[in-house]
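What follows is one chain in structure tokens, specifically the form predicted on its own.
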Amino acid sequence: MEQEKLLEITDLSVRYPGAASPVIHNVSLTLYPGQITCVIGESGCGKSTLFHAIQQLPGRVEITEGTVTYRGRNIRTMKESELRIVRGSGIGVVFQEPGASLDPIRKIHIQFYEALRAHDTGISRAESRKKAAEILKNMEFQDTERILNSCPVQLSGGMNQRVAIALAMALDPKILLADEPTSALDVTVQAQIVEELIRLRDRYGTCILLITHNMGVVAKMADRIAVMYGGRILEYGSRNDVMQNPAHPYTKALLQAIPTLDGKPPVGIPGRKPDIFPARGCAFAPRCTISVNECETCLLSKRMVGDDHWTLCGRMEVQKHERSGS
């Protein structure tokens, strides 16, 4: 039996309102139930823009080409009233800063009530509080009553992020979008958030799309990895395929930049990312060690590396030749 496609992004190009050209080019990605997909890359490579395009929040971005389909329905053609339902009960969101989800001076139980009531006008405060307590307990909060009666200013940053995740799950969404949910936290709290997200996936079968530049988080969480640079997905595959057999020079450069325990210093990526993402060619070409002139102007197409593992690198055959030593 074919697995349900919860979210299908097809040939998506996106620009900012008023901009002349797109900043995301021809991105395709499919999300399935119970799967964690990590979108990785340096800051400013288009990850968060993709995040906003999926949400379809007014005034953030404009889709110029392609489709975003939620459970078979094109969200570009939905009315705003339909999108409001999808954004809460279909797609939950966790932002980098908990303050984007939480009012710092309103008690947590009130914020749960307001979120639930926006989608269920008949819910009572008592019912809302009971559901909020259940969600917090399922997320292994030890003192749910204290949390519900607290304001975010009375909680730590890590606790607030966990509450923000619980709030995003209040309407039992099929998909959870998480945009750099650990980057503002210290290492020990990051680990707690990662474990929290994995438990959500295991308990509810939640599909998670995680945007991050933290390769340690990716190594711990990802089922699938999409490597993004210059507004394109340059490589896609399973965690093991991408991290153990990277096919694109950019993926290799990212992995080489990770500190290791063997004493070898990490290797930085020379140059800087482009300010304008080209419509043709590989945006990474100016920083790539194996690029040729054609890389900056060619029409990119997928090249299969293995089962459901592909790259946009046109120099992949050169890499194979160099590895073989022939």
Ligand SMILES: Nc1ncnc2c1ncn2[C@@H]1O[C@H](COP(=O)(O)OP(=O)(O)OP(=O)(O)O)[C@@H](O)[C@H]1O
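All of these numbers come straight from a predicted model, not from anything done at the bench. All residue numbers refer to positions in the sequence shown, first residue = 1.
The form predicted together with the ligand is left out here; the points below concern that form.
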Which of these stretches, 279 to 287, 292 to 300, 41 to 49, 62 to 70, has heavy atoms within 4.5 Å of the ligand in the model of the complex?
-> 41 to 49
Work out which of Lys252, Arg199, His213, His109 lies within 4.5 Å of the ligand in the model of the complex, going by heavy atoms.
-> His213
Is there a heavy atom of Glu180 lying 4.5 Å or less from a heavy atom of the ligand in the model of the complex?
-> yes
Looking in the model of the complex, the residues of 6 to 42 with a heavy atom no more than 4.5 Å from the ligand, listed in order, are Tyr16, Val23, Glu42
